[in-house]
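Given as structure tokens, the chain that follows is alone and in the form predicted on its own.
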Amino acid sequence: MPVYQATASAPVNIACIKYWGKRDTKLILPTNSSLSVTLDQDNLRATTTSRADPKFEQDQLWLNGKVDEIKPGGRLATCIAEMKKLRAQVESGSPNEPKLAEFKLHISSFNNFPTAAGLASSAAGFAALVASLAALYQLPTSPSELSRIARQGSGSACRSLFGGFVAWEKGTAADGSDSLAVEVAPREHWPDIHALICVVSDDKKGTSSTTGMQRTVETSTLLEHRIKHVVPERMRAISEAIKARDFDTFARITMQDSNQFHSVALDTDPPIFYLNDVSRAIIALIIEYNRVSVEAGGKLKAAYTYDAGPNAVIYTLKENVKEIVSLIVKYFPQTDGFKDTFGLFGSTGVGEGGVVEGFNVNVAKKFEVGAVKGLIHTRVGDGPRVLGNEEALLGADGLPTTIA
């Protein structure tokens, strides 16, 4: 009997225009549109293998080798049901197709980055789930259409269905049919965008994103202003900046939106604090680094952005990465040293780091070793990839190849 199986990987994405607040919590419909950069899967990815088999007794999922419950009516169950529905449509139009929609599924998923990195693992995970099922079911479905289903698992997952620079259009339809992801520009359009992720804390957040969002929607007057007046103009302006490869404008809008998102969190009643002293020190360093550039007649060279947590993502052009890594390492000494994936520093390594000429070293204090637990250097990347059998996460018996 043939084996019906497919494996796909999907990337992490980091928003420049933030998604914060739902107008429908079941369908995960956002209060505002958002825009993100897809990061390189060669560094950060979720991989998922899905298999359909008439011998399986129930749909079952393993995450990083551990059983992950598929709760009836939950987000996982919703995504799986929606994908089976699409497969059933294919089968109804082609009677000779195997009835895969009727078979139970075994699904194994693995993230190659630690949950402690503070990255949106659920975004990559649900995108990989949807991509693997789309390959398994051989669906003639566009990434935007698939993004509507991934969105119901994790809002930002819809943006991981594309590479490059991606907008999630909030839509207006009550059923969510027009709340989907679209490509603003592919990775190849602006490949020199790099990202340095500063892992500040792996502590569990005091206020989860889901709880925080709803509290903000209920209590923040600033959020209403953001939704109606600020985000629509920023979405237009940053999309134009990306198409023009205008880093100065891209950086300015990215930092402004990060700042306003955290202002909205503070405007929530009671207020929500996601940044800490280390987060604020990184902001001070990037502001001073940019000041030196601008006062020398140049433009902005770096942009910080923070999601609902203290971990920083610094966007910059490839030519500036070495300076920024040196700056961060000087103020935040690393326990294990910087992993120089792109060979920026050669055999000498980054050492104790340093600053550019004219930099005011007093804008921040030097922190103890471990204040920034790790640095991940990556760049803009591609969308989901369908992988070969050699990368499958299920063995011949339909069980995960490694179980924790």
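Start at 1 and count along the sequence shown; that's the residue number. Every value quoted in this text rests on a predicted model; they were computed, and no experiment measured them.
The next section is about a form of this same protein that is not shown, the form predicted together with another copy of the chain.
- Stretch-level contact check against another copy of the chain in the model of the complex with heavy atoms at 4.5 Å: of 321-329, 272-280, 99-107, 143-151, the positive one is 272-280.
- At a distance threshold of 4.5 angstroms between non-hydrogen atoms, S263 is in contact with another copy of the chain in the model of the complex.
- In the model of the complex, another copy of the chain stays beyond 4.5 Å of every heavy atom belonging to S208.
- Using a 4.5 angstroms threshold between heavy atoms, I287 counts as touching another copy of the chain in the model of the complex.
- When another copy of the chain is considered in the model of the complex, H225 lines it closely, a heavy atom lying within 4.5 Å.
- Checking A135, A241, V90, V230 against another copy of the chain in the model of the complex, a heavy atom within 4.5 Å turns up for just one residue: V230.
- Proximity to another copy of the chain in the model of the complex, taken as a non-hydrogen atom within 4.5 angstroms, holds for one residue of I70, V363, V350, L63, which is V363.
- Of all the residues from 300-317, the single one having a non-hydrogen atom no more than 4.5 Å from another copy of the chain in the model of the complex is Y304.
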